[in-house]
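Starting off, we have a lone chain in the form predicted alone, written out as structure tokens.
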Amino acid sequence: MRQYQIDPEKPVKLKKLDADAVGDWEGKKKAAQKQFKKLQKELADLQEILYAEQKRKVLIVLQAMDTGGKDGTIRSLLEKVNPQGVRIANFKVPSEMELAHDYLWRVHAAIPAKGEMVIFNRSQYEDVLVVRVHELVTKEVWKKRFDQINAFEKMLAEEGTTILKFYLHISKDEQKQRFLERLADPKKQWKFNPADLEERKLWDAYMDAYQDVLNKTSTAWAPWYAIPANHNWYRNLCVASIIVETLGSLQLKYPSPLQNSNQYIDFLNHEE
């Protein structure tokens, strides 16, 4: 899955990134789903140790176009984990309070504490994506933010936060199909917002903005992964594989056993 990691020395061209790709799993959907079930269990086990250890912090950033699969990815990742020690942060239109501060203020308040895994559904990158496409700030302002965000993430990493960032890449045709499916299903129509169609008109501008984000902010301490996301099962497999591999490399350990556990056992066995 490391093939999807963005190398800042080799700029990515999103037009050449196949959103329909399934890697080595062509024709093996059932096998991939079985492998994903194993990864869910491994993730749950690793997250339990992360929470028990209370030393490290994990931040997972998800970005995508509308219908890109952020919510579905979160549901699939967290299906088997212990809800303790896991938190989801959503970043929508800033409130008046948030706008009164710098753009990273609300983000910093949501980062993981020791033992926590936090998933950002959208993130600080909205301030070099939406604000750029809609010209809410000048080019001079948003261009500076690439370096500011890199510095912010480096500080988090140096303070013990492991950062993984996923851009879920769908094609424009796939987005159209997903919008049509939402509109055809009364149980999913609540997810549809007519404003999404206005955003769709800006597809090319968003692709340019995402391309710059991937190329300018994928770093050794906070790498970006551009995940083909037209197929939900493959998207889930990719994201879970990378997270499990990364958590496994941290060599997480349960706290040392109690020195006097037998004393407590004896007390409980002989209490009146």
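All values reported here derive from a predicted model rather than from experimental measurement. Residue numbers run from 1 along the displayed sequence. For the two forms, the rigid core is made up of the largest set of C-alpha atoms that agree within 1.5 Å on superposition.
The protein also exists as the form predicted in complex with a further copy of the same chain; that form is not presented, and the subsequent description refers to it.
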item	value
Which of 75-83, 140-148, 155-163, 97-105 lines the interface with a further copy of the same chain in the predicted complex (heavy atom within 4.5 Å)	75-83
Heavy atom of residue 249 within 4.5 Å of a further copy of the same chain in the predicted complex	no
Contact flag, residue 205 vs a further copy of the same chain in the predicted complex, heavy atom cut 4.5 Å	no
is_contact(residue 134, a further copy of the same chain) in the predicted complex, heavy atom dist at most 4.5 Å	no
Residue contact check: residue 51 to a further copy of the same chain in the predicted complex, 4.5 Å heavy atom	yes
Contact set, 117-138 vs a further copy of the same chain in the predicted complex - heavy atom within 4.5 angstroms	121
Residue shift check between this form and the one not shown, rigid core fit, residue 266 Cα at least 2 Å	yes
